[in-house]
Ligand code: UDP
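The chain below stands alone, shown as structure tokens; this is the form predicted alone.
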């Protein structure tokens, strides 16, 4: 297979390594690494201050040094989930500057890979001579973006990638419009960077950006009702939300809750692995759930709402439990049954289904089909 020249255009909501982009940051970094491992030339255009970090092995550090990071100036985009469906377009941004660079440098690449959940890359695609693969990182959240995606799909079929079928299904075709054609790609992690732990403590865990749509309050309520300690890992995105949570807790409840901060992968996996279960309680359709497969890789069972990406990952009764969204009693009952789950089965699922090798195969095949023009045949 010929070596490809790939330009990945990262999420514009924050620098790589900042945590603002949530699991998308890890997806971008892992895609760059697995493509470089396969001999492709990889560059990433990302907001200024971006780093590929948190990987302890010298082998991976050396690999990261072979990936060019193009630092893009300009203001970062607000996260789409914090905006309404008619949010205004922002100009003079890192997003606009990244795509200005892509247009100028496109002849140096065989494929542009878009991770921005924003209308601009979809609008610009027909004006570029280098093909674009669009990895859509969230479900339908914005009317303008939905329209741009449908318009692009009609002209460039099957250049849309999604994490999961649940995510893709949130994009409903308007009357008379052909259904979107999605490549369902999933995601992956470097399993070797996650230690299996078969002797956990008694704490539960919650991983994610601390923002209302992630549903931290539901996890806290379930942990308190079950009288179990809860460790919270993630980027503090919405300070007012976190402060309101703290103010609402009784002294007894507050004693059960520990905020552990936003940790690099080596520290996160070590702390997460010693937890008894991961609670996943988003208030929206989560596109995937990188934290879910990180937990499984450590041998940590997952208790999640039965919707979105996590419901496609967790094997009910084998690698965790699925409960109906908002069902606190169901969550508490699942916590009580968590020791029925075999932690090694969790590790096995991560190794079998979410390895970089398998994911790299899917992405590489998709990229080559787009480049060769055989994607719609």
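Positions refer to the first chain, counted from 1. Quantities reported herein were computed from a predicted structural model and do not represent experimental measurements.
This next part talks about the form predicted together with ligand UDP, which is not shown.
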| property | result |
| --- | --- |
| Residue 268, heavy atom within 4.5 angstroms of ligand UDP in the model of the complex | yes |
| Any non-hydrogen atom of residue 219 within 4.5 angstroms of ligand UDP in the model of the complex | no |
| Distance check, residue 182 to ligand UDP in the model of the complex, heavy atom within 4.5 Å | no |
| Partner contact for residue 212 in the model of the complex: ligand UDP, 4.5 angstroms, heavy atom | no |
| Candidate stretches 105 to 113, 153 to 161, 291 to 299, 123 to 131 - the one whose heavy atoms come within 4.5 Å of ligand UDP in the model of the complex | 291 to 299 |
| Ligand UDP: the contacting residue among 26, 35, 311, 67 in the model of the complex [heavy atom, 4.5 Å] | 26 |
| Heavy atom within 4.5 Å of ligand UDP in the model of the complex - residue from 262, 196, 171, 119 | 262 |
| Any residue of 323 to 341 that, in the model of the complex, places a heavy atom within 4.5 Å of ligand UDP | none |
